[in-house]
Ligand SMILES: NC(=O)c1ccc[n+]([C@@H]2O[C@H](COP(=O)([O-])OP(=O)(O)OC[C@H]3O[C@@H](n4cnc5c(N)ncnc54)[C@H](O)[C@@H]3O)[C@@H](O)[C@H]2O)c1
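Quick setup: one chain, the form predicted alone, written in structure tokens, and binding and motion questions come after.
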Amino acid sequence: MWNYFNPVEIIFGENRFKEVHDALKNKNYIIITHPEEIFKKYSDELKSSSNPPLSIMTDVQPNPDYKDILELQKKFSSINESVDYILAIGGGSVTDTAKAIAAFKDKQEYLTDFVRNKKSPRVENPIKIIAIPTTSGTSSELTCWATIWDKEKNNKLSLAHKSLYAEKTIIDPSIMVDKPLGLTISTGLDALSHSMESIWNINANPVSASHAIQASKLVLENLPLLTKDLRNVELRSNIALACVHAGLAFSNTKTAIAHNLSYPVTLNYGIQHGIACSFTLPMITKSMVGIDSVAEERLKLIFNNNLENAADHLSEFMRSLEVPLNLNEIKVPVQEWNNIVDDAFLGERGKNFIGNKEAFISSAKSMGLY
């Protein structure tokens, strides 16, 4: 028995950004986006339209922090008219920030209660969201949760509420062609991690697994090619489609052990999220052999029915993208890593994992992590 749910309308294809005008017709909206010049042309197009935004907020940083969101809430409180929609244009950090503003609006005490006082999120009539991703990785446009970091307290929280799914997402690969190599790799690996994490997951179901298999195959086949031809729209489209499949997969399962291992690696050692949550995929894959027959069959569909060599295949794939695969390369001391592993398996995402710590550690050692 299983359930599957995802309410987001997906508008996919080249040059479909323009359809945002019809989506926002006669609506009051604000734009949340990144501060870099590359994003300005999209907000400028809307600013000069017949229905300009009430406000354009660009103070969004990677891994949105509690204090940054507090500042955006202050700006939101200065808007005198009611806001029907938030238009999020950018990567996952932008969409996550949009969800926080949609949920808490100008109620800073609600955000503080959630982040600092560890209370359940108080979400009342959230503002509707239209998400336009400019990268292919986080799939935040297809999930109902957002990651909020509290760097001062060295903490990471997941804001989750069924009402925080975007109403629609416009996925236009043609606006992704100007993304640099490092970001392309990191976000592509994030999509791979999301898809594989939804397979070795206690919440997996046949529909999520089908999406996960398609996502994984698309990333493995297309990401190395894209790194050599960054402006290739067809390859961008394939990776964007992989991200859609990954989002439709893990929006129903959440992530698992690879992501739980990644958070302190990002917080304490500055490793990009997409790298931090993917460098352990080969060893986790190896640890899955003999654990669960259903998950094994699903993983085999990704690796041409050869699970025995899947971990080595993944390692070669990662190395081709110059991803670090051992503790020396990511500069994490062994004792600290052992603590990270212990904590990760006790955490919520760790408990989603159908494998076990002993098999993971054994596989990690055999593959040279230590």
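Each residue number is its position in the shown sequence, starting from 1. Just so you know, these numbers come straight off a predicted model, no measurement behind them.
A second form of this protein, the form predicted in complex with the ligand, is not displayed here; the remarks below concern that form.
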Exercise. Among 336-344, 37-45, 297-305, 317-325, which stretch has residues whose heavy atoms lie within 4.5 Å of the ligand in the model of the complex?
Worked result: 37-45
Exercise. So which of Thr135, Ser237, Thr285, Asn201 reaches within 4.5 angstroms of the ligand in the model of the complex, heavy atom to heavy atom?
Worked result: Thr135
For this session: Quick one: from Pro180, Pro206, Gly290, Gly270, grab the residue that has a heavy atom within 4.5 Å of the ligand in the model of the complex.
Result: Pro180
Exercise. Is Asp190 close to the ligand in the model of the complex, meaning a heavy atom pair under 4.5 Å apart or at it?
Worked result: yes
Problem set entry | Any non-hydrogen atom of Pro64 within 4.5 angstroms of the ligand in the model of the complex | yes
Exercise. Would Ala146 count as touching the ligand in the model of the complex under a 4.5 Å heavy atom rule?
Worked result: yes
Exercise. Would Gly92 count as a contact of the ligand in the model of the complex, using a 4.5 angstroms cut-off between non-hydrogen atoms?
Worked result: yes
